[in-house]
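This document starts with one chain, in the form predicted on its own, laid out as structure tokens.
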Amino acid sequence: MNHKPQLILALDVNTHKQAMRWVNLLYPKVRIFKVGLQLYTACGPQIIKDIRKTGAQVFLDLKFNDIPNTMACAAAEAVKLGAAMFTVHTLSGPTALKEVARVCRKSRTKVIGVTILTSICPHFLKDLGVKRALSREVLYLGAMAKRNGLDGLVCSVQEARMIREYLGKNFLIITPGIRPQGYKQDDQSRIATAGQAVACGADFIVVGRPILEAPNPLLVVKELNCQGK
């Protein structure tokens, strides 16, 4: 039986006031809020602390990608801030991933790997000389992530079923690029509905603009939650 994934709201805004307005409006209907590069650069660590004060959780999506020591130190700071989850690029390599996993092992913070961004098209990988098909490249990087201690993976719905099949039920899957039926594609190349994410075994779905730009955000949240049943 398919389980219902948790909705994560991507706080793709650039001020503390805007971010907290969304948190106060939607929590606890939405319990996890994504803080990405835009908001973190604008507000710094304080935004994470203030979101957590409301009772909500934070998915820190900064996609760490550096040498092992730098990534391990950054991971330690994410744990101190109380992030529920944070992202690292799997292309940072096995040594870096293993170090990050080691730092987070005794905490409640989950380390989530990023493989191929949902804005990337298959032909771009060919241009880079990657011989594996996009889906196989995602699986290869995902398997490496799990082998080195990561807790889960960010992947599109198109790759989620394969990840679930090959990497098991205890490996978290977070799917971005989720759109209500009929919503515009924006800059995402691999999008899907919440219902499709459920069918493919996703644990979390990430939604931003379809909620942030909606005349009635609460209604969109309700509709997405219904699609996720």
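A residue's number is simply how far along the shown sequence it sits, counting from 1. Keep in mind that what you see is a predicted model, and the values were worked out from it rather than measured.
The following text describes the form predicted together with a small molecule, which does not appear among the structures shown.
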Listed residue that, although the small molecule is not shown, lies within 4.5 Å of it in the model of the complex (heavy atoms), from 63, 161, 52, 31: 63
The small molecule: the contacting residue among 92, 148, 118, 109 in the model of the complex [heavy atom, 4.5 Å]: 118
Distance check, residue 83 to the small molecule in the model of the complex, heavy atom within 4.5 Å: no
Proximity of residue 207 to the small molecule in the model of the complex, heavy atoms at 4.5 Å: yes
Distance check, residue 23 to the small molecule in the model of the complex, heavy atom within 4.5 Å: no
Residue 154: touches the small molecule in the model of the complex, heavy atom cutoff 4.5 angstroms: yes
Candidate stretches 39 to 47, 172 to 180, 64 to 72, 194 to 202 - the one whose heavy atoms come within 4.5 Å of the small molecule in the model of the complex: 172 to 180
